[in-house]
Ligand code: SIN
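Quick setup: one chain, the form predicted alone, written in structure tokens, and binding and motion questions come after.
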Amino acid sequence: MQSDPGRIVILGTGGTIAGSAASPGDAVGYRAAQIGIEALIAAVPGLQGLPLEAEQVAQVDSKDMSCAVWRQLARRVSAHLSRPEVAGIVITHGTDTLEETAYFLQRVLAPARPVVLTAAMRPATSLQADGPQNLLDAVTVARSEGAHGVVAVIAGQVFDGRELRKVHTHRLDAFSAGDAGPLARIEAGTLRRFRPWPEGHALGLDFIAPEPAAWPRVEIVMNHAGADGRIVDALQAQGLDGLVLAGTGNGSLSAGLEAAALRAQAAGVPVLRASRCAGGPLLDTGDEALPGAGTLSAVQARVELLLRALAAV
């Protein structure tokens, strides 16, 4: 860790980490995004006395994460990183869309300093709340010498924001990076790193539409038994700027769904095939009519097509 790590800015966006339940024993029937970021920081003794500042960017349940919040969050992260005294950023977030926000921020900003997302699976009022430790660990990562890029810190593990997956509905270790595994772990307050920090080319903020209504429409359609493709035709009729297909297995599609996707592609709609499986990349055979998303999950592939569509406007 640096001897003089500089200031860490903590941005709050809501989520379960800021959630509240009527009973301390209730870790399921709670309301997300009820507690402000200042109160969350004050509840962690290990953060007291550190050079921190806080800002409430949003206060939402992350199932309701929106393009408007993404744009504001990216702008605030960029503004704070332009300050020389800021060593890194921590973002508190809900778990439901954490992997989408992480991928979005890495592709747009590819920051040269650490941007660390963290979250919780239990509300702040729980008898065994996991948020305080996750927040402390996130600050530890943000203060670590040489750290950079967008990462997520959950249950003592550090994940590359491009590889993050939510893989469980309620366990505290609900996240994974699939075959790649974590970048690092926090062990007794110390970072132990296994792989390099995220790299990438920053797309920047200039191309992002100011109004959410102006953002492209990119949808996800899942392959399943009996899928006939009519939903793709209906979406295209309403206006579609991109389509992700969450295929079965190695991105396989029913004949009807593939035919509808090919019609959409022929009409100029960008299409990517992903897998509905929780782990594993798409392995191309060389004769695919529709391009694969590689290691991206379906929701990350949607973010990728969204950014491509924005950049093309």
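Keep in mind that this is a model prediction, so the values were computed, not measured. Sequential numbering from 1, following the sequence displayed.
Just so you know, the form predicted together with the ligand exists too; it's not on screen, but the next bit is about it.
- A heavy atom within 4.5 Å of the ligand in the predicted complex is found for exactly one of Ala58, Ala260, Ala32, Ile37: Ala32.
- This chain is drawn without the ligand; in the predicted complex, the residue among Arg107, Lys166, His80, Arg143 with a heavy atom within 4.5 Å of it is Lys166.
- Relative to the ligand in the predicted complex, residues Val218, Gln300 and Glu304 are all farther than 4.5 Å at every heavy atom.
- You can rule out all but one of 226 to 234, 156 to 164, 94 to 102, 183 to 191: in the predicted complex, only 94 to 102 has residues with a heavy atom within 4.5 Å of the ligand.
- At least one heavy atom of Ser62 is located within 4.5 Å of the ligand in the predicted complex.
- For Met121, a non-hydrogen atom is located within 4.5 Å of the ligand in the predicted complex, even though that partner is not displayed.
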